[in-house]
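This document opens with one chain alone, in structure tokens, the form predicted on its own.
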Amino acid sequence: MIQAPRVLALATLLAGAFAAPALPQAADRAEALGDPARGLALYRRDCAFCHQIGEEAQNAVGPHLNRIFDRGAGALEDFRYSAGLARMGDDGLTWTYETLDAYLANPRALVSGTRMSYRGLRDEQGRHDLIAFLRANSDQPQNIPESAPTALPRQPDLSAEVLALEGDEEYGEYLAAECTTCHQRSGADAGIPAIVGWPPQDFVVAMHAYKQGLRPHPVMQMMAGRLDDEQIAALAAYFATLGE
């Protein structure tokens, strides 16, 4: 998309003076769930202000997106990532179809403390289209056998019923004793992310991301795996009150 070797001025970008990276031919889209041409339009609308992609892409406000598939989160040595994203990379987060889909849907639910000022793309087909475009600038699974295939996420999306659960704050306070052995009620962040004041839905999505294996931290996966939907909702309600 953006091919200049330096960060481009916003006016130049919006003028469309630079050619888009080549899109794969129809025969190369056999495994794609989305349309990379529509994904290019979404990239221009939502991503191009911060991220470059294409033959001469460089890091700008955000890291470049070339060869994003199978890249570890926070892996580019010449870009200064947020502490939250670097920490997730240390935990083992890798950009796959599944994790990219979750991050695009709700960045802060997958990566606590991310600096990416993007509220998320709720339209599922839109995410498929955008990921198909990103795949066009990464290793193609049909050409490189060891590359991770383009596939639907294995885990189901959370149901509206789970997201709508009203948590019991008192029950959440009781359950929180185990959480606060590491996470501070004060909201202090000394190497362990703060979780106070989170919007309850973000908290719920994050905990289910651990349960489903999208977030890679093994201890948190174990802790989240012990909790049922009502317990997660209760914790979400309690920790939200601590930020008031």
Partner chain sequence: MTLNRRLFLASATAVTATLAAPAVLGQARPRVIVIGGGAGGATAARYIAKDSDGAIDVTLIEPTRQYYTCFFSNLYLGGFWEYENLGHSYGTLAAEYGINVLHDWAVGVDRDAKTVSTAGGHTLPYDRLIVAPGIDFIEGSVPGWDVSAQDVMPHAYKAGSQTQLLKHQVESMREGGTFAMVAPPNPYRCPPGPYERVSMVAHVLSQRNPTAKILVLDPKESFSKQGLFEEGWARHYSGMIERIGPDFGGDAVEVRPDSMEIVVDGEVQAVDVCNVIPAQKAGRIAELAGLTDGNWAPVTPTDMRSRLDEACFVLGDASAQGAMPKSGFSANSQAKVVANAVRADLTGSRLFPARYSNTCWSLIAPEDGVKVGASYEPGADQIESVSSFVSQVGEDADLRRRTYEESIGWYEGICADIFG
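Numbering follows the first chain given and starts at 1. So that the term is clear: the rigid core is the largest set of C-alpha atoms that superpose within 1.5 Å between two forms. Computed from a predicted structure; not experimentally measured.
This next part talks about the form predicted together with its partner chain, which is not shown.
Contact here is defined as any heavy atom lying within 4.5 Å of its partner chain in the predicted complex, and by that definition each of T181, Q184 and I192 is a contact residue.
For the chain shown alone, Y118 is not a contact residue for its partner chain in the predicted complex, no non-hydrogen atom being within 4.5 angstroms. Interface residue remark: H217 is counted as part of the site for its partner chain in the predicted complex, having a heavy atom within 4.5 Å.
Although the partner is absent here, D78 lies well away from its partner chain in the predicted complex, with no heavy atom inside 4.5 Å. Contact check for R87: a heavy atom falls within 4.5 Å of its partner chain in the predicted complex. Between 163 to 171, 123 to 131, 94 to 102, 109 to 117, the stretch whose residues reach within 4.5 angstroms of its partner chain in the predicted complex through a non-hydrogen atom is 163 to 171. Contact residues in stretch 209 to 228 (any heavy atom within 4.5 Å of its partner chain, taken in the predicted complex) are H217, P218, V219, M222, M223, R226, L227. Superposition on the rigid core between the shown form and the other one places the CA atom of Y171 2 Å or more away from its counterpart.
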